[in-house]
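Just one chain follows, in the form predicted on its own, and it is written as structure tokens.
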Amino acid sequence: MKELAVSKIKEGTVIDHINAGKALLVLKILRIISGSRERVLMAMNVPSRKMGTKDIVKVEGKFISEEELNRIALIAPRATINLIKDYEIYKKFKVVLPETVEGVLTCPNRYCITNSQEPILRKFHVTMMDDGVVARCHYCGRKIKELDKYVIST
């Protein structure tokens, strides 16, 4: 297996072990769009012994917030976060799937009270299943498996 040669970043965040094909959604969650000032390196479908294939995102000059971590955990529950200072990893950890998330997902049930005009904060209970992350709406009980379709980016 050939190795991917990627330059180091001086300061910022490296998100590794992202589920293959989800790197663009991670960038959306981080609010990195065309015209953003951050220097970004994204690698998709990189060979991985643990995952088969994975995505990697490096963002120079940005340290991600807890809210962003919670959103990333929903779509990449095995992701590893490396915080970089002076070209060295100063902190490394795995994302932790939160038990509940508020204001992060939209409910697919169009009759759910969260999709009405009522000022109710969307709340979901999150669990890890064999085939991925599942979220259940606190109000109507609807379960969703393909969370990337329902993650609110901003």
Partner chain sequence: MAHFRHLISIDDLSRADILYILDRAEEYEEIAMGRGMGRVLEGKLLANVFFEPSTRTRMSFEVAMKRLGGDVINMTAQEASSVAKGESLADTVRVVGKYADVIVLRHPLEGAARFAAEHSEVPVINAGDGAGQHPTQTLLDLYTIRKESSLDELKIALMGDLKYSRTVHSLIKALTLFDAEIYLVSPPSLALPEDFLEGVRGKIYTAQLDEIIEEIDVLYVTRIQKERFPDEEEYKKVAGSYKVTAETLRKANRSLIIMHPLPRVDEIDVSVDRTRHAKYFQQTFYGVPVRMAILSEVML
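Predicted model, so just to flag it, every value in this text is computed and none were measured. Residue numbers count along the first chain shown, from 1. Rigid core (definition): largest C-alpha set, two forms, superposition within 1.5 Å.
FYI, the form predicted together with its partner chain isn't displayed, but the following is about it.
Participant: Is residue 138 close to its partner chain in the predicted complex, meaning a heavy atom pair under 4.5 Å apart or at it?
Facilitator: The answer is yes: residue 138 has a heavy atom within 4.5 Å of its partner chain.
Participant: Just checking whether residue 112 would be counted as a contact of its partner chain in the predicted complex - the rule being heavy atoms within 4.5 angstroms.
Facilitator: Residue 112: yes, in contact with its partner chain in the predicted complex.
Participant: Using the partner position in the predicted complex, report whether residue 143 sits within 4.5 Å of its partner chain, counting heavy atoms only.
Facilitator: Contact check for residue 143: yes, within 4.5 Å of its partner chain in the predicted complex.
Participant: Wondering, does residue 51 line up within 4.5 Å of its partner chain in the predicted complex on heavy atoms?
Facilitator: Although its partner chain is absent here, residue 51 would stay clear of it in the predicted complex, with no heavy atoms inside 4.5 Å.
Participant: Exactly one residue in 46, 41, 97, 120 has a non-hydrogen atom within 4.5 Å of its partner chain in the predicted complex; which is it?
Facilitator: Result of the distance check: 120.
Participant: For the interface check, one of 66-74, 103-111, 28-36, 89-97 should have non-hydrogen atoms within 4.5 Å of its partner chain in the predicted complex; which one?
Facilitator: Heavy atoms within 4.5 Å of its partner chain in the predicted complex occur in 103-111.
Participant: After superposition on the rigid core, does the Cα atom of residue 121 shift by at least 2 Å between the shown form and the other one?
Facilitator: Yes: residue 121 shifts by at least 2 Å between the shown form and the other one.
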